[in-house]
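Take a look at this single chain, the form predicted alone, given in structure tokens.
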């Protein structure tokens, strides 16, 4: 108990108050990058999962290669390729664009696998019944397959969203002033390690806890509604 009180008493609160605006700005950037990265990753995931589910010639193999490449290379390596490698090919992107593209590239593969598992959970008897009613593939996907698949995929998709938000800590490697970048900068300048790290942890908790709670509520409601069983 005494050690705990000593820790809190030794914190430089003036330093924390002074640099709080830095963390607020960094948190806004982190949330913006995560938002667009997750949104685009969901779009990529839906398209890729459908291509694999229907085994579209050639395209489903390309998607399979993309998923393996994305999931087996670190995000930092992908960001370095986008930010430092592409300019040598004449393609120059801003750090923000590289971060969003990197998160989309990484997250799309995870979203695709989560959604595909939901698609493959649909019983064949339902597909046969829908076909017997004269439903085409598009109508069947819209009315029968996708709503149920999405409900089954929600836990995995939500877990991937939280994973991608945490992965934004890597974008500091391409000089983006996110939460991790600001923390490392302040530690290097003022050596206030405990204060900077404490503010980093609090910032991520403020961002991640509401997402985690909303995901849990959504999963519970879907379960009570009879989906995903």
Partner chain sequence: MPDSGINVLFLGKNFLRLLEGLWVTMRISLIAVILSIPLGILFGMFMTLKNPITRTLSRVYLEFIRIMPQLVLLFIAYFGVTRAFGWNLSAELSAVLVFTLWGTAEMGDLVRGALISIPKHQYDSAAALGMTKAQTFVFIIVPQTMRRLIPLTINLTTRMIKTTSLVVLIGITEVLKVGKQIIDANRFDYPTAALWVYGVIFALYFLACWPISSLAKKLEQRWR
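Computed from a prediction, not measured in an experiment: that's the story for all the values here. Positions refer to the first chain, counted from 1.
Note that the form predicted together with the partner chain isn't included here; everything after this is about it.
Asker: Three residues, 169, 180 and 205; all within 4.5 Å of the partner chain in the predicted bound form via heavy atoms?
Answerer: Judged in the predicted bound form, 169, 180 and 205 all sit within 4.5 Å of the partner chain.
Asker: Which of these stretches, 136-144, 77-85, 95-103, 151-159, has heavy atoms within 4.5 Å of the partner chain in the predicted bound form?
Answerer: Stretch 77-85 is the one.
Asker: Do residue 73 and the partner chain come within 4.5 Å of each other in the predicted bound form, heavy atoms counted?
Answerer: Residue 73: contacts the partner chain in the predicted bound form.
Asker: With the partner left out here, check for me: in the predicted bound form, does some heavy atom of residue 212 sit within 4.5 Å of the partner chain?
Answerer: Yes.
Asker: Is residue 28 one of the residues lying within 4.5 Å of the partner chain in the predicted bound form, judged by heavy atom distances?
Answerer: Taking the distances in the predicted bound form, the answer for residue 28 is no, it never comes within 4.5 Å of the partner chain.
Asker: Considering only heavy atoms, tell me if residue 201 and the partner chain come within 4.5 Å of each other in the predicted bound form.
Answerer: Because a heavy atom of residue 201 falls inside 4.5 Å of the partner chain in the predicted bound form, the answer is yes.
Asker: Heavy atom within 4.5 Å of the partner chain in the predicted bound form: which of 62, 56, 197, 39?
Answerer: Only one listed residue qualifies here, and that residue is 197.
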